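Heads up, the chain below is alone and in the form predicted on its own; it's given as structure tokens.
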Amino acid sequence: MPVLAFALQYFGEKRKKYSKKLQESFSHYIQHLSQIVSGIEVVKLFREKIFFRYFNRINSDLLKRQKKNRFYETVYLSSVEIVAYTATAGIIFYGGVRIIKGEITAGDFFSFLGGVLILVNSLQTLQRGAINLKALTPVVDRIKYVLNLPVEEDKGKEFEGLKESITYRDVSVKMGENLLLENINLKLKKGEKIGIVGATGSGKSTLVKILPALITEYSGEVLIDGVELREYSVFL
């Protein structure tokens, strides 16, 4: 029992570790395939080898982690089998010696041996279930993480349409260490048409995404008819 408990603890943690890594690799794998399919025109127009070289690297990483995961599962199950049947063989040898010495009868011994074999089979089933449960722990943690994400609340002032103007006042947006927008001041009147021009990555999309509250982490103020954008409800 102590040996089986140690094997469960050691190999269970290994299965848990590589099961988590395997889920991450699957995520990258599916994401890359989705990007290739959705952007097939770009793939065909440019050098396909670049995309497939990256795909091969992701695929190799997935295969490596899958092999590690299966390796520890196989070694664990083999160790359980070896320990269980080695212990059974020891019991048979010890029981045979005691029968020869006349300390117990053959009937008593085989009755005891039958109970031991039932116990061994039950323990093996329990151990397999426990190791699979360990492997599923990262999946369950990921599901719980997604289910526990904060839900946007329907609160704030209801937006009834633009009446006068939209004003950006000292608006800045920072993502990590990157400053996407810095101290933007802009006023747009209702019915006015403007064009936003700039190099790729200069913050054009970020500037627009603030209005429908797709980006809420900004400093400064975005005023719609004099009311700060964050005071409006995000639900239509």
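In this text, residue numbers run from 1 along the sequence as written. Each form is matched to the other, and the largest set of C-alpha atoms that superpose within 1.5 Å is called the rigid core. Computed from a predicted model, the values in this text were never measured in an experiment.
Only in words, not in the display: the form predicted in complex with a small molecule, which the text now covers.
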Ok, Ser60, Ser172, Ser38, Ser202: which has a heavy atom sitting within 4.5 Å of the small molecule in the predicted bound form?
Ser202
Is the gap between Ile184 and the small molecule in the predicted bound form 4.5 Å or less for some heavy atom pair?
no
If we define contact as a non-hydrogen atom of the residue within 4.5 angstroms of the partner, is Leu180 a contact of the small molecule in the predicted bound form?
yes
Exercise: Thr206 in contact with the small molecule in the predicted bound form, heavy atom 4.5 Å
yes
Which of 64-72, 50-58, 172-180, 185-193 lines the interface with the small molecule in the predicted bound form (heavy atom within 4.5 Å)
172-180
Any chance the CA of Ile36 moves 2 angstroms or more between the shown form and the other one, core superposed?
no
Superpose the two forms on their rigid core, then report whether the C-alpha of Ser202 is displaced by 2 angstroms or more between the shown form and the other one.
yes
For a quick test of reading the superposition: does Thr216 move by 2 Å or more at the CA between the shown form and the other one, rigid core aligned?
yes
